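Single chain ahead, by itself, as structure tokens, in the form predicted alone.
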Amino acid sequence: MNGPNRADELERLSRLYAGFAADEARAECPIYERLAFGVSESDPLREFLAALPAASRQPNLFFAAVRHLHGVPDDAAALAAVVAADGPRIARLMLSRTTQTNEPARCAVLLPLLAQLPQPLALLEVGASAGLCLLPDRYGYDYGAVRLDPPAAAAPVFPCAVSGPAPLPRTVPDIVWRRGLDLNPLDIASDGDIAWLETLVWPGQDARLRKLRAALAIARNDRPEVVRGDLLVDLPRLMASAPGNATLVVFHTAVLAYVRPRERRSRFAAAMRGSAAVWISNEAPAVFPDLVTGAPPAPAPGRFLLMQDGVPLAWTAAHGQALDWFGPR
């Protein structure tokens, strides 16, 4: 691709990486902030990324692939040198993997909704990765005003800063059935899959990595079933297999942005609204832009919008570390 179209592609990449640096990495991961800003201004790095399919150009995927193979570069110049020396292998890894950041701490922002539903629950997660978010009853939570200790001493406790009249749970939900659906599930018995999952934790976030490993240990002893399949084709069959004496909850978090084109997301949303399941969505606001009009401005960049059955209820931090509730208690 040459000419104006190529220039447009490179400009889109500049905006993508500069936006990631400013809205997601800033205050969370200084090295990724610097690298992302560097990519946004680097012709060789943007040219490398432009040669990949659009779905494989995300900053998280690029930085994780480089880190997986070479560690974390000190700056954009070092990153460009690594890509110049080993670009084909980095590209192959980016094409064979997806981000699939299976962040169990996101259960902290889901729990207030799950705990107030009619019990018991049947959980069905779309984009489940390794299935760690299917185990919210196996973890502990610290909301400041309310703390829920985990059922096992070795289980992680996830802190979550809360603002607004959130219906903080006093106990974990009663879950009698759980399934996951993913185009490419990660296998918690696979060393390669787990190594990739750990690489997706950003540099310097040692506490987050420790909690991920603790959640993986829980999952190995109580492994949730994650089925390979497509959300529009295979989800109805899974929903039909849920027990009839439990409240069926279909949920997803930081997944639908990767479902393209947008028309497929709209079809999924329509199917959820027409189903008998409770639908919980925790996604970037751009995923369902027509629903964001019911929400106040986000308190910080990079926030996800938490919704139940298409009704906005709260803004959440990307890794479950904050819940800004604006819905009814």
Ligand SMILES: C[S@@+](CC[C@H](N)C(=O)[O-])C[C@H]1O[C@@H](n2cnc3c(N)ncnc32)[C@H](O)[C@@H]1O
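Everything quoted here is computed from the prediction, not taken from an experiment. We number the residues from 1 along the sequence you see.
FYI, the form predicted together with the ligand isn't displayed, but the following is about it.
> Hey, in the predicted complex, is N184 touching the ligand, heavy atoms inside 4.5 Å?
Yes, contact at 4.5 Å.
> May I ask you to check whether D222 falls inside a 4.5 Å heavy atom distance of the ligand in the predicted complex?
Residue-level check for D222: no, no contact with the ligand.
> Would you please decide whether T247 lies within 4.5 angstroms of the ligand in the predicted complex, comparing each non-hydrogen atom pair?
Output for T247 is no: heavy atoms all beyond 4.5 Å of the ligand.
> Indicate whether A108 is a 4.5 Å heavy atom neighbour of the ligand in the predicted complex.
Outside the cut-off, so no.
> Pick from L135, A152, V259, L216: which has a non-hydrogen atom within 4.5 Å of the ligand in the predicted complex?
None of the other options qualify; the answer is V259.
> Of P73, G229, G140, P167, which one comes within 4.5 Å of the ligand in the predicted complex, counting heavy atoms only?
Filtering the options by heavy-atom distance leaves G229.
> Using a 4.5 Å heavy atom cut-off, indicate which stretch of 158-166, 74-82, 176-184, 88-96 touches the ligand in the predicted complex.
Selected stretch: 176-184.
> Across 249-281, which residues bring a heavy atom to within 4.5 Å of the ligand in the predicted complex?
Heavy-atom contacts within 4.5 Å come from T253, A254, V255, Y258, V259.
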